[in-house]
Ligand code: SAM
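Take a look at this one chain, the form predicted alone, written out in structure tokens.
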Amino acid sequence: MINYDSAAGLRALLEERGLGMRKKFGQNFLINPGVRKRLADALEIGEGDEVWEVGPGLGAMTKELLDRGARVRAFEIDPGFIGLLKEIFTGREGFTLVEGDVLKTWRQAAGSLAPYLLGNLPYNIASVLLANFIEEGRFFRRMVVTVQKEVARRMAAKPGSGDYSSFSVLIGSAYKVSPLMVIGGASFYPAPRVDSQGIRLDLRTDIGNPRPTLFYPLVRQLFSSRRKTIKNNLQSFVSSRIINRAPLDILLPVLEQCGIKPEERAENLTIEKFAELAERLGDDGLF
């Protein structure tokens, strides 16, 4: 039995199996049992609930979820860890392993009805993976993820703040964001040099999905040059999609109808304003 609470024990296991840590995979094992419990508690799962787990590693959170009666579909990229996970969990009721890069494999499992997701997401894939889920219409009832603190700030950022970005709008357009505990490096093996944070994401029930067709590309374009005004970025957005540049006498009335000043910048717009602008541009037949 693996002692998931012991850095020395995990290190000895990895050495015994000839397994190394791969920096490119952002591998850090959560060895703090109290934090693992709090993350699982935040997911609020019941007996028989289906959960996608991204990056199970050696299976500490996998075991926590299975012990609570969940059915777990785990996505793991590291071949060495895949072998260990098979040894530990194959044959255990409710466990399914998906091998390979989750950015490439999640779509094959997209038809499964798992309403929950749990993941210790490496910095290099966190924003890409979550964006893929949302833009491609794969919504979870609830997600609990651990990300670098910097990413957590961006996810929870509000209009007007320096951390507010297209990623903030994307996340907030689908989920209510609730920051959980900050997790110091000592809670992981090996210990990262930066703090992490747990984030809980609850699917918004106060809005309809999907968003207007133009919503996601519009948000990306309006944030692509943060210091440009909405008017200038909007002209670039329109001209990149139609042959003839839309004259300002068409675009300015659209902004006025949305209550958006042409000299405003994207970092000050609410999610609702982005959605309204995308909807009006589509309704006005500019595309």
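Since the structure is predicted, the reported quantities are computational estimates derived from the model, not experimental observations. Residues carry their position along the shown sequence, with the first being 1.
As for the form predicted in complex with the ligand, it is not shown, yet the points below apply to it.
- At the 4.5 Å threshold, heavy atoms of Ile77 reach the ligand in the model of the complex.
- Mapping the unseen interface onto this chain, Gly172 falls outside it, with no heavy atom inside 4.5 Å of the ligand in the model of the complex.
- In the model of the complex, the ligand lies farther than 4.5 Å from every heavy atom of Ala70.
- Within this chain, Gly100 lines the site of the ligand in the model of the complex, having a heavy atom no more than 4.5 Å away.
- Only one segment in the set 133-141, 197-205, 118-126, 212-220 has residues whose heavy atoms sit within 4.5 Å of the ligand in the model of the complex; it is 118-126.
- In the model of the complex, the ligand lies within 4.5 angstroms of at least one heavy atom of each of the following residues of 27-42: Gln27, Asn28, Phe29, Leu30, in sequence order.
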